[in-house]
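First, one chain by itself: the form predicted on its own, in structure tokens.
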Amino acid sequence: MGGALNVNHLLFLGHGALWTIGLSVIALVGGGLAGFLVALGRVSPSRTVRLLAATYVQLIQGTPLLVIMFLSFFGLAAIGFNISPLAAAGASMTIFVAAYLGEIWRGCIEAVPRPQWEAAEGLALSRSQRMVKVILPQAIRIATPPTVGFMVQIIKNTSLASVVGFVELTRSGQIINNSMFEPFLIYSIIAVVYFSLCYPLSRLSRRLERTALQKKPALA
């Protein structure tokens, strides 16, 4: 792939961009499922469950994603567990995203107006029924804008997967640059691709946030 920039280079970057999207989807789905459990744990009536969930959030949020990547790939390999770069990157991103989405969604659950909780209790609903039928449907509307906004961070953080050898957009750019030695050109293209992925999500997040603010008086 040496020489001047050509179609093969662009196709290779496109392949890396697809893997960036794929890894982002893995992180969002896996982290979303785990994050939902974390959010429920953070508002659990059990003090032990709340403490465990809070400890997980504080531990992961206080640890750089890069360190989690190293532990997942090199750390496990050092004790005899060899996993692929995709598995290490996917697991690391899932663990990382779960902590942040769990905390975002915990705040959204607690943002549901207190009269809604009291009204559900007045209907003699069990806690699980209150959550499913009353609280969570309202919390989902509140959570949508910040969740979409956080997807931008997920996409950008996938670039760290290059340190474990996973060939996503940033890593593919590094490989091409090693053969061309045109860092400004290559990384400018990469920046444009990241911008094209993230900017629409940022706009969508702001639009959803404005819509939610306009509907807030009606929900109250």
Partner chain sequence: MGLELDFSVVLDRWRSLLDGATLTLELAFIAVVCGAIIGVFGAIGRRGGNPLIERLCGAYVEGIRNTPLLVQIFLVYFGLSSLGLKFSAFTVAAVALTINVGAYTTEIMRAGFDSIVRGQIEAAEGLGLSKAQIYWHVIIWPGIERVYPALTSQFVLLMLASSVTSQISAEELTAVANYIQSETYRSFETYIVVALIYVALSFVMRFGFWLLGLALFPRRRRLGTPL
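What you are looking at is a predicted structure, and each value in this text was computed from that prediction instead of being measured. Positions refer to the first chain, counted from 1.
Not pictured, yet referred to below: the form predicted together with its partner chain.
A.B. asks: Check whether S172 has any heavy atom within 4.5 Å of a heavy atom of its partner chain in the predicted complex, and answer yes or no.
C.D. replies: No, S172 is distant from the partner.
A.B. asks: Decide whether P113 counts as a contact residue for its partner chain in the predicted complex under a heavy atom distance cut-off of 4.5 Å.
C.D. replies: Outside the cut-off, so no.
A.B. asks: Taking heavy atoms and a 4.5 Å cut-off, does G80 contact its partner chain in the predicted complex?
C.D. replies: It does: once its partner chain is placed as it appears in the predicted complex, G80 has a heavy atom within 4.5 Å of it.
A.B. asks: Is A34 close enough to its partner chain in the predicted complex to count, meaning some heavy atom within 4.5 Å?
C.D. replies: It does not: once its partner chain is placed as it appears in the predicted complex, A34 has no heavy atom within 4.5 Å of it.
A.B. asks: Quick check for you: of 70-78, 133-141, 103-111, 84-92, which stretch puts a non-hydrogen atom within 4.5 Å of its partner chain in the predicted complex?
C.D. replies: Checking each option against the 4.5 Å cut-off leaves 70-78.
A.B. asks: Quick one: in the predicted complex, does every one of Q58, A191 and F195 get a heavy atom within 4.5 Å of its partner chain?
C.D. replies: Result yes, every residue of the spot touches its partner chain.
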